[in-house]
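Taking the form predicted alone, here's one chain by itself in C-alpha cells.
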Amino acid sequence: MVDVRQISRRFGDTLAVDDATLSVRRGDFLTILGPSGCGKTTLLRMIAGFLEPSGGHILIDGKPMDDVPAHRRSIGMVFQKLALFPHMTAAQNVAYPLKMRRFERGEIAARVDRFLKLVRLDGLGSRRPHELSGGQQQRVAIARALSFSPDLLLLDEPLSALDKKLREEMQLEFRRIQQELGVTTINVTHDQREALVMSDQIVVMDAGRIEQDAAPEDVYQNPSTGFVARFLGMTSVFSGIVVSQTDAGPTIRVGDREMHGRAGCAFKPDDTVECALRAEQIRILEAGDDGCDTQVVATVEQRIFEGDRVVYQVRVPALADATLYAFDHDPLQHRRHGVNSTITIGWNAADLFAFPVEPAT
C-alpha cells in the first residue's frame, strides 16, 4: 500500500532523514519508533505531503506522490495536538472533512453516526470538545480522520499527552478500530509499549536512519543493532572482548569471566564488543539453582518496587563492576533482597547479545 524508496530530507546542513526505505502492506499497522529528533515525524510528514523530500520517492497504492499535494492524497491524520474545532460539536467535527469533500447531506449524517458508534461515542455527538474527557476527544479525532474512508491513516503521537492508564486503554482502542476497518495505518511514537502493542510491523529509527524493520516480536527478541537493543526494554549494556567465535556464537571476556552469547555478525579474537542483557532475562538465583549458562555474584545497589514487579540494580565485581538490572515479577512470593545484600544472578547464552561497538556521534 505504501512504498518509501530511499527518502531523504535536509534542513540546511542537517540531514533529518537519511536514505529511508520501507513498505507497508495493505491493512497493516506500522509504527515508526525512535527517540525525539530521530527523524520519524519528518518521515511521516513527507508521506502525508506536508514536506517535500530532498531525495527519493513515495508511492501510495502504486501511484507516485512526487507531484501530489497533501490535500489530494487520500489520507486521514490524527495529530498530537488534536486540532478539534472548539466551537463545533463532536458530530460537526466528524462531519467537517465530509463537507469539504462535498458528500451528500444524507451520507454525511449516516457516516457521522456510524463513526461515532465505531469509537463508542454514540449519544455524545452534541457535546463540544471542552465537554469531553481527554480520551473522548481522542475518539472524536479518530472518527474525524476515518469518516471519509481514507486509503491511509497517519498518527503523529496522538496519545503522548494522555496519562499512563488512559494511554494504554487508547492503544487497545486504536488497534481495535484499525483491525475492524482494515485501514492501512502508520503511527509515530517514542513509546516502546505502544509500538509493541499496536503494530504488525515496527521501524526503529535513530539519527535519521532506519536501524531495523521487522515484526514486533523480532525487533524485541532479535535486535539488529546495539541501539535497538538499548532502546527497547530495560537493557544492561557493558563492554567485552571476543575470545573466539563458533557457529553457535562468540565467547566474550568481561572482567574476570568468559561467557557465551549470540551475535548477528562474525567477530575476530580481540574485537571489542557491546554486550546487552534484558532485565527480564536475568534470573535471581537461590541456592542450588543451576539452570543458567552464566552465574555471577552481585551486590544490590537499588531495589525499586513498581507494584507488579521489583527492579533490582546490581553491581557485578567479576564483570569489571558492570551495573545490571534484573526484574522480579512475583515480588509477593519471592524473598526480598535489600540494598547492599549479596545475591547470585544468572542468564543463558541466548540472552546475551553481542554487537559491534558503534562509533560515537
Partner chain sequence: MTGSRGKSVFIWTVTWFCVITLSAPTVIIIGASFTAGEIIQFPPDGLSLRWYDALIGQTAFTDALWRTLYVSLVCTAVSIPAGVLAALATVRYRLRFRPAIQVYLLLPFTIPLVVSGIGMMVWFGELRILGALWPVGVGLCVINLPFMIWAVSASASALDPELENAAANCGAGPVMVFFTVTLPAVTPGIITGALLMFILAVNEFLVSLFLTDSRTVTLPVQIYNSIRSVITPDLAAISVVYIVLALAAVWLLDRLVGLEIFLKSR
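Numbering follows the first chain given and starts at 1. All values derive from a computational prediction rather than experimental measurement. Under this definition, the rigid core comprises the largest set of C-alpha atoms superposing within 1.5 Å between the forms.
FYI, the form predicted together with its partner chain isn't displayed, but the following is about it.
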item	value
Distance check, Phe50 to its partner chain in the predicted bound form, heavy atom within 4.5 Å	yes
Touches its partner chain in the predicted bound form: Gly249 (any heavy atom, 4.5 Å)	no
Exercise: Arg101 in contact with its partner chain in the predicted bound form, heavy atom 4.5 Å	yes
4.5 Å heavy atom contact, Pro158 and its partner chain in the predicted bound form	no
Location of its partner chain contact in the predicted bound form, chosen stretch of 213 to 221, 119 to 127, 85 to 93, 200 to 208 [non-hydrogen atom, 4.5 Å]	85 to 93
Contact residue in the predicted bound form, chosen from Met77, Val242, Val237, Ala263 - any heavy atom within 4.5 Å of its partner chain	Met77
Within 4.5 Å of its partner chain in the predicted bound form, all of Arg45, His71 and Arg144 (non-hydrogen atom)	yes
Core fit, then Arg128 C-alpha moves 2 Å or more between this form and the one not shown	yes
